[in-house]
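What follows is a single chain, given as structure tokens, in the form predicted alone.
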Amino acid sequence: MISAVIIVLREVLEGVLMICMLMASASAMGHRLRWLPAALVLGFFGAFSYAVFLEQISMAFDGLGQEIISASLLLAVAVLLIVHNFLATRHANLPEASAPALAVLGVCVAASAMSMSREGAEIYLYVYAFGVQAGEMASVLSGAAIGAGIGLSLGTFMYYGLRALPWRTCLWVSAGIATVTGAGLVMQATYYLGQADILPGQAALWDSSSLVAESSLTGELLQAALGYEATPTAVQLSLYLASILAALGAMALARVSVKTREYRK
């Protein structure tokens, strides 16, 4: 049951923390949470479809379909979080010049739905493999319920914590969370791309397993929140840092666009 708690908690955290951050950020930009039901419906449908058609997905791209699609989903969400940073920074600096509601809500719905699709499918497959097929349904479901409950509680705490901040501070903190989260998603994507031989295999730059093992509870949580990798390669580290720079660059571009608008006035 402990393994079920850890695995489901990790998967839930990856999605819930990001979705709750987007909820708080969208609210700080003056948008209601009417987009959330659409994101949940699309996310559940995507997760179910991903799990049901996993065999066909796995056989695609010469047997590398699961790795390529998982990496694609992770990278797509990371790009959407960079767009979020641009929109949030622009609104924080000049609310009257903020992006149309369709842009903000589109980013929130797409990022949330794609994240839920991937994480939900992982949970479904784990429960099916270790619960239904292995005959440990009671233990797996109990652990999954505990893990999901902890993850949802942490997400709720984050949402209300962000909402308690002044709206401008909420946007800056949300942008910081999005920056780190996006870099973590890129780190995970590099793992799948490495498995698919799209990225070259390299020796690890270091091994921090003796300090924090990836299989430990702390390692699992750090991987969910920050994309922790105990044995990163030069390519993985480079792409991780590139993602952070891209997010910060989007924020800088938003500030420049605001100053340009003010100068033209």
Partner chain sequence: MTSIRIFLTLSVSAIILLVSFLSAIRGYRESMVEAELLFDQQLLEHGKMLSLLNPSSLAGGSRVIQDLVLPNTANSELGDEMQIAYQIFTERGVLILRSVLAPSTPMSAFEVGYREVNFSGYRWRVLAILDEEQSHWVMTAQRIDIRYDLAEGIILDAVVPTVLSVPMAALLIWLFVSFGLRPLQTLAREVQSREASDLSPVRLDQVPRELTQLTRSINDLLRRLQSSFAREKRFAADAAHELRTPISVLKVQVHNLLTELESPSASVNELRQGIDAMGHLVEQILVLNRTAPDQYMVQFQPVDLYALARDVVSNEFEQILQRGQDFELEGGACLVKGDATALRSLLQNVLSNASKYTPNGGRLRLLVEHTPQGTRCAMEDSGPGIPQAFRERVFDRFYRLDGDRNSSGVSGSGLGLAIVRHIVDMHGATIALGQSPTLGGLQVLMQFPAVASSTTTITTTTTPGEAE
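Model, not experiment: these values are computed from the prediction. Positions refer to the first chain, counted from 1.
Just so it is clear, the following notes concern the form predicted in complex with the partner chain, a form of the same protein that is not shown.
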Please tell me which of Cys170, Leu154, Leu73, Ile177 lies within 4.5 Å of the partner chain in the predicted bound form, judged by heavy atoms. Leu154
Taking Ser142, Ile146 and Arg163 together, does each of them reach the partner chain in the predicted bound form with some heavy atom inside 4.5 Å? yes
101-109, 155-163, 178-186, 76-84: which one contacts the partner chain in the predicted bound form at 4.5 Å, heavy atom to heavy atom? 155-163
Taking heavy atoms only, is Leu94 within 4.5 angstroms of the partner chain in the predicted bound form? no
Heavy atom of Val258 within 4.5 Å of the partner chain in the predicted bound form: no
Under the 4.5 Å heavy atom criterion, name the residues of 1-27 that approach the partner chain in the predicted bound form, in sequence order. Met1, Ile2, Val5
